[in-house]
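Only one chain is included here, represented as structure tokens and corresponding to the form predicted alone.
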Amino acid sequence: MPVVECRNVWKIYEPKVPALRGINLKVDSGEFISIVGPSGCGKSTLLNLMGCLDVPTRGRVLIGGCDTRKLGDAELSRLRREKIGFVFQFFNLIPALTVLENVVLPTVFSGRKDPKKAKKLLEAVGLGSKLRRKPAELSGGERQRVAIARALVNDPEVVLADEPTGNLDSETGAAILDLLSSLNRETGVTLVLITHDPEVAKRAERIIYMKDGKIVREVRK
């Protein structure tokens, strides 16, 4: 059973502007896929639908076989907390919290506060010595590592990464991609990465190419 499945998914914004046009996509457990295309092609819209941050105009999005259109707001929130991890281009860390507190926070929301697990993940991404730092005291690459640890702390089935290297220099971006790839290999977490950069996309096992709201082709390594 796919971890994420999109069945004939459309997203139409007013006044009748289609951002997605009949997307069909299956993401299997443990896969590392990238979705690539120019700005405005619909890839961020697709990621938002896969992450239950938005709902399709038509079609269905299934997470672990669960039809998300049948869920209410509270159920969708729980699904996001328990099944999905997010990594964003601009990190989305809380400035007033320490590194450790930022990673612990999702476990608080899920009712399973676990500082030990958060610390272990931060050590795994190379930040064990900076637990008490604030985000402003870190480099861009370090902040993205915090975001990755935060995305993993609730043991999600899939991590959705939205341009995770887009705000980083090329060397730091390559290090973040190395980290994501190794986490995918070593932990088996499913990884979906969107990017406008074909070179970044090549790091994945399967590349989905989008244009004008449609999937136009895919390449498997």
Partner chain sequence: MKEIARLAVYNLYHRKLRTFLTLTGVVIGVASIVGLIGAAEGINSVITGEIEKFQSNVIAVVPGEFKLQFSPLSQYEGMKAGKLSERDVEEISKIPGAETVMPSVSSRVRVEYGGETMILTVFAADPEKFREIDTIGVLEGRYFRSGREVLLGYSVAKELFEKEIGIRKKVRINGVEFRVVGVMNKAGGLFRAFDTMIYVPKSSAKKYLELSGITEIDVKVEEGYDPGAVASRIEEKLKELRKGEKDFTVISPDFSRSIANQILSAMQILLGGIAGISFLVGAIGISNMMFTSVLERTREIGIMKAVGATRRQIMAIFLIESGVIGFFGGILGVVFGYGIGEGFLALRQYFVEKSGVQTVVERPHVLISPELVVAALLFSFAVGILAGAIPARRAADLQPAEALRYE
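Just so you know, these numbers come straight off a predicted model, no measurement behind them. Residue numbers count along the first chain shown, from 1.
One more form of this protein, predicted together with the partner chain, exists but is not displayed; see below.
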Is it true that 171, 178 and 220 each have at least one non-hydrogen atom within 4.5 Å of the partner chain in the predicted bound form? no
At the 4.5 Å heavy atom threshold, is residue 55 in contact with the partner chain in the predicted bound form? yes
How about residue 150 - does it come within 4.5 Å of the partner chain in the predicted bound form, if we only consider non-hydrogen atoms? yes
Report yes if any heavy atom of residue 101 sits within 4.5 Å of a heavy atom of the partner chain in the predicted bound form; otherwise report no. yes
Considering only heavy atoms, tell me if residue 131 and the partner chain come within 4.5 Å of each other in the predicted bound form. no
Residues of 108-125 having any heavy atom within 4.5 Å of the partner chain in the predicted bound form, listed in sequence order: 108, 109, 113
